[in-house]
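In the form predicted on its own, a lone chain appears below as structure tokens.
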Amino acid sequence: MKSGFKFLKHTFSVFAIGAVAVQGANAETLRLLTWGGYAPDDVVEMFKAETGHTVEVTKSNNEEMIAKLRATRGGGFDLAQPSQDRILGPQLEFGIYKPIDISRIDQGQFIQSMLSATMANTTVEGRVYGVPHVWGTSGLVMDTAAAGDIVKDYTDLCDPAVAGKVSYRLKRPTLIGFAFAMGMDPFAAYSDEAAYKDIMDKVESKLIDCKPNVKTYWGGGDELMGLVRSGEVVASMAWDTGGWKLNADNPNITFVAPTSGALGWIDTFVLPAKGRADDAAYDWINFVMRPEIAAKITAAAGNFTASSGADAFAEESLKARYQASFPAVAIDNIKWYPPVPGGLEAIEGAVLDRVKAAQ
């Protein structure tokens, strides 16, 4: 029996050494261009232990990512994470990305509505260039005890029952949100400048009519949170994370997804055109989209990911806030920002100026 045990032990040792050798032979260095919090140290170490790949993390933002990849024509990095509205334009103009082989992505790990929307918004000439990772939204942050029965959508901020106690920014999300709440689809009109202007004209009229309801047009997150905490503002347009932060202090205040849909941004995974570690890149995507790993990224970054079921692994209080704000129907109803065509920002800017100047 002892000699047999020694044989099995020896065989297992040889197998284990062989497995490590194979892993080492296939190991690559992944040069990751990403945002702060998206590749926490503990996740990087877990990935290395499992795959053998090392990860070199360069923290950046949208403008810097595009500048770096443009300067090298897509070189220097193997995986990058620009927002989805920074893919189509830069690809058409500079050719800095290469298509993603969707067959190498574990699609079952993604929230399907987010995966479909991102793939659609990052398709260039029939080929997909981006899949979703970290996301967030803007919608309604309110004192539900004071406004919960009144404010269900963006245009409800104009209800006389909350006059003088609402706030929003004079920025494009307000224009887009009000358009959807008024039954229009501004994103569908992106390809038709005249149609888009018609939508914005209607939104302009609504926002001018709504001015008496506005306590103030907030400019920064701290300003808004102070107004909501003090009770001067009972309903506003703001980000989900801001609402959840306020909820930690006052359970009546939270983020609510509007009935017409929250407005969403997504930071993606893309492959730079001259990346040389595709195997490590695909391994990283599939690794960090596992629900239990995705929850670690949420803890570090503060935002949730497109990993299906990851909320179950989040810290208990954050999980409760997320699940209360985003039932499945609200997730599927998020309106994801597509790339903004040239010319539309000038239309929006003129509308915002006129709303601000109106008496």
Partner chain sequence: MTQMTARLGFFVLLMPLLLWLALLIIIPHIDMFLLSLRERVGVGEYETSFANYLILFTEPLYIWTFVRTAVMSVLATAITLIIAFPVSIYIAKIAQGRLQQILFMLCLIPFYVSELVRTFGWMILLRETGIVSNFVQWVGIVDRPVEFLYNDAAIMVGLVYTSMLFMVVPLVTTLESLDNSVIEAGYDLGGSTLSVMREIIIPHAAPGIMSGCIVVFMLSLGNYLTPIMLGGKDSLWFTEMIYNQFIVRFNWELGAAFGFMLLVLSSAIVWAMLRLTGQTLAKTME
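Positions refer to the first chain, counted from 1. Just so it is clear, the model here is predicted, and its values are computed rather than measured.
Keep in mind that the form predicted together with the partner chain is not shown, yet the notes after this line are about it.
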query: Contact test in the predicted complex: S230 vs the partner chain, heavy atoms, 4.5 Å; finding: yes
query: The partner chain contact in the predicted complex: P212, any heavy atom under 4.5 Å; finding: yes
query: The partner chain contact at A67 in the predicted complex, heavy atom, 4.5 Å; finding: yes
query: Contact test in the predicted complex: D41 vs the partner chain, heavy atoms, 4.5 Å; finding: no
query: Site test, F94, D222 and G349 vs the partner chain in the predicted complex, non-hydrogen atom cutoff 4.5 Å; finding: yes
query: Candidate stretches 313-321, 291-299, 57-65, 31-39, one within 4.5 Å of the partner chain in the predicted complex by heavy atom; finding: 57-65
query: Listed residue (A195, A71, A120, I150) with a non-hydrogen atom within 4.5 angstroms of the partner chain in the predicted complex; finding: A71
query: Residue among S116, Q107, N250, T216 with a heavy atom within 4.5 Å of the partner chain in the predicted complex; finding: T216
query: Residues in 315-346 with any heavy atom within 4.5 Å of the partner chain in the predicted complex; finding: E345
query: Closer or farther in the predicted complex, the Cα atoms of Y97 and D332, when the shift from this form is 3 Å or more; finding: farther
